[in-house]
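Next up: just one chain, as structure tokens, the form predicted on its own.
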């Protein structure tokens, strides 16, 4: 493994995730996501472009076929690592993201296969995101942010944004976990909170938090 391979993989993984909501991905958005300076991100973009891993589109970038393939392999190892940490080692779902970021660069293909088999071939990570199969295929669903639901609508929580431990702790305390049923009772006007019901209890949920919960 080259010395800068983990860093490159981290960039490709982040671009892949951001591409789901922004295409192309701007340098400023990528810098914000990685908590790095725009100049350092721009320098890495030149390197990724030179390696044929990204294409430049205007002021942004998108992954090439090779970059996309590498990104999905990293995401597969990351999400399997999260499952290993929660299901076998007893970590909470709010603790696993950073640990999995370290493991994802060190797992060999053989270990990856053994982890998957020992876990019973899980389909999702603890936060509800699909785990790519060994060929990089990811199951796609037509999901909506909870923030888009209207009063009287009911849905099932599918996934929750994984990179905010405090939010995960909060939602866990409310029972807002993947596969939980949630119903919207009221939607306050002018960007106010949603009044939702989970397991018979009512809560006021801000729009920003609700936007990070995907439902079907």
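Positions refer to the first chain, counted from 1. Remember, predicted model here, so these are calculated numbers, not experimental data.
Heads up, the form predicted together with the DNA isn't pictured, but that's what we're talking about next.
**Student:** Just to be sure I understand the contacts: of 37, 183, 55, 172, which is the one whose heavy atoms reach within 4.5 angstroms of the DNA in the model of the complex?
**Tutor:** Only one option qualifies, and that one is 37.
**Student:** Between the options 149, 158, 63, 44, which residue brings a heavy atom to within 4.5 Å of the DNA in the model of the complex?
**Tutor:** By the 4.5 Å heavy-atom cutoff, the listed residue in contact is 44.
**Student:** Quick check on residue 209: any heavy atom within 4.5 Å of the DNA in the model of the complex?
**Tutor:** So residue 209 does not count as contacting the DNA.
**Student:** Against the DNA in the model of the complex, would residue 7 count as a contact residue? Criterion: heavy atoms within 4.5 Å.
**Tutor:** Because a heavy atom of residue 7 falls inside 4.5 Å of the DNA in the model of the complex, the answer is yes.
**Student:** Do residue 28 and the DNA share at least one heavy atom pair within 4.5 Å in the model of the complex?
**Tutor:** Yes.
**Student:** Counting any heavy atom within 4.5 Å as contact, can you tell me which stretch out of 159 to 167, 65 to 73, 28 to 36, 172 to 180 lines the DNA in the model of the complex?
**Tutor:** Every other range fails; the passing one is 28 to 36.
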